[in-house]
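Shown below, as structure tokens, is a lone chain in the form predicted on its own; questions about how it binds or moves come after it.
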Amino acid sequence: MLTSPNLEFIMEAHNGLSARMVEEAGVWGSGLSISAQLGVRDSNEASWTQVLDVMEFMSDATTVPILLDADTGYGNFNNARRLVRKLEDRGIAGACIEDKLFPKTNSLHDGRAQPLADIEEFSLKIKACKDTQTDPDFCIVARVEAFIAGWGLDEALKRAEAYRNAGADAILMHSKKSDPSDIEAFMKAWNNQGPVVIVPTKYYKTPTQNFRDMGVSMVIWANHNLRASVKAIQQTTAQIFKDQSLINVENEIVSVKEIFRLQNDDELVKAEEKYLPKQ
């Protein structure tokens, strides 16, 4: 998908059920969404092993590639390369690591310091990950946070080139501007040196065709299933609380049978017929 001549898309999921629901596309294991569904902040409050547990359920529930939002790799090169081994064990397709310091701060916060990692140190972290992987198809996406941290195009380009030379399979160029000017400037200067991934959460009004015209390789719809779920849960809970009844929500939510379908319950019924003794 990263090297496809077409613009590709992957969708955020944050647990096994949501991963199964978005299986038609590739899956983005969003750090923000995974931490939020665990009820903690996106500041490495969930340990890497807790994230790994979530990823295992997501991998078991799907047959499509999953790219994990792996924050900074949860530490230095040694933590990052250990993560790669564990992700490969669970059938995860790749990890996206960002060039900030551990513990990270979510990139969309306003007015927060976003200190960047040393370029050489982060490049060597990428190299350690690539040297460690055993699956030749496992991908490391290097996420450049220069624009997020307030730096300009020169810094973004310098970092992207260093990470590409260190072995990154793709560059994720991040921006929280409400317009795509950062991305446009980068894509023009980058001159197709390798695949570029973007996350248009803030510049969502930009027509998708513009990303094709720029030469972007992949778009991540990064947190929208979580946000949709929160709204639905808030509305349903408020309605039930107000009515002290289910009468006004039953037709607005999926049936219990749909949950069983998503849980692949039919397979269990067939397996029970095959493997349990007949009564």
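In this text, residue numbers run from 1 along the sequence as written. Keep in mind it's a predicted model, so treat the numbers as computed, not measured.
What comes next is about the form predicted together with another copy of the chain, which is not displayed.
Across the options 179-187, 87-95, 135-143, 149-157, residues that bring heavy atoms within 4.5 Å of another copy of the chain in the model of the complex belong to 87-95. Although another copy of the chain is omitted here, in the model of the complex all of L17, Q37 and N44 have a heavy atom within 4.5 Å of it. In the model of the complex, another copy of the chain lies within 4.5 Å of some heavy atom of Q50. For the chain shown alone, A162 is not a contact residue for another copy of the chain in the model of the complex, no non-hydrogen atom being within 4.5 angstroms. Of the heavy atoms in P103, some are within 4.5 Å of another copy of the chain in the model of the complex. Within this chain, P195 is remote from the site of another copy of the chain in the model of the complex, having no heavy atom within 4.5 Å. Residues of 200-225 placing a heavy atom within 4.5 Å of another copy of the chain in the model of the complex, in sequence order: P200, T201, Y204, K205, T208, R212, W221, N223, H224, N225.
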